[in-house]
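What follows is a single chain, given as C-alpha cells, in the form predicted alone.
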C-alpha cells in the first residue's frame, strides 16, 4: 500500500521532493491560460477556523482550474474534535473526498487528523507554520532572481509562523535566512530553527541584517487575534528606504499579506518597483496547484503524455 502524502511541514519532505514541487509550480504557471485537467473527478475538502482571503481563493481556484471540485466548511460546520473525534472525522472524510486542506490555529489537531486520514491532509496554515505560503514565496523569488540556492533572505519585525517556516526551508533549499527582530522576540539559541548556523542566523541590528540581502521580507506586526498589541518596539524594524539602501541594488521586497498600511513597510517601498507582493499573492495559486498535484498524484491524478512531470522526487 502506498503511503499517504500529507503536506504538513516542509521538513517532512526530502529536499528533492520539495524542489520538484517548486519546479512544477513554475511549469503550471506557464500553463495558467490552458491548465491541464489533471484533477478531473477529484474533490478537496477545505476547513477553516480563521478568516481567509488568499488561502481560500488560491486553493479553490487551483482545484477548479485543474478540473476538480471543492467543499468549504468552517469549524462551526464540521465536528472536528467536537462531538465527533478527530479519528472519526478523518476516517469519514477519507471515504468522501480525495484530500483535505485545513487552516487552523493549533497544529496538534491537524497532525492528529493526518494520522487518521487515508487521503492527503494539507497544512493551509497554523500558528506554528505556513508551508504553502513559503512555497509561493520561493516561486516568486526564483521568478525575479533565479535559483533560490545561495540567496540571502532577511526578515524584519515580528517572529511568527511565516518566519519559522522560512527558517525551516533555508537548509532544505540552500539559502541563507537572517532573522532581525526586537531582542525579546529572539528564539533561544537551542531553538531547532538555529540547528544549522550556515543557513539561519539572528542579527539584532536591522541594517546589519539587510546588508547585501537579495530579498527583504516582513509581515504584519499585529496578527489575527492580536488586536491591541503594542507595536512601539517594532518601528526600528520597518522596511523603508533607509533599510532597503543596505541591501543589494537588485533586492526585492516580499510580504505575504495582509499588510497594515504603513506600519511594517513604508508606502514608498511597498509601491516601489522592488515590491513583488502581488506577484507573490498570485503565486499562491500556482504553488497550491503544484502542492495538490504532489499530494493527489497517487489518488487518481493522471497526466497526459507530454503535459507535466509531477515531480515524484529522486
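Numbering follows the first chain given and starts at 1. Given the structure is predicted, the values throughout are model-derived calculations rather than measurements.
Separately, the form predicted in complex with a small molecule exists; it is not shown, and the next lines address it.
J.: Heavy atom within 4.5 Å of the small molecule in the predicted bound form: which of 51, 260, 32, 26 fits that? Just give me the one.
T.: For this set of options, the contacting one is 51.
J.: Would you mind picking the one in 178, 163, 140, 133 that has a heavy atom within 4.5 Å of the small molecule in the predicted bound form?
T.: Only one listed residue qualifies here, and that residue is 133.
J.: Any idea which of 271 to 279, 242 to 250, 54 to 62, 32 to 40 reaches within 4.5 Å of the small molecule in the predicted bound form, heavy atoms considered?
T.: Comparing against the small molecule in the predicted bound form, the contact stretch is 54 to 62.
J.: Is it the case that residue 256, even though its partner is missing from this view, gets within 4.5 Å of the small molecule in the predicted bound form, heavy atoms only?
T.: Result yes; residue 256 sits at the interface with the small molecule in the predicted bound form.
J.: Taking the shortest heavy atom distance, is residue 284 within 4.5 Å of the small molecule in the predicted bound form?
T.: Close contact exists here: in the predicted bound form, residue 284 approaches the small molecule to within 4.5 Å, heavy atoms only.
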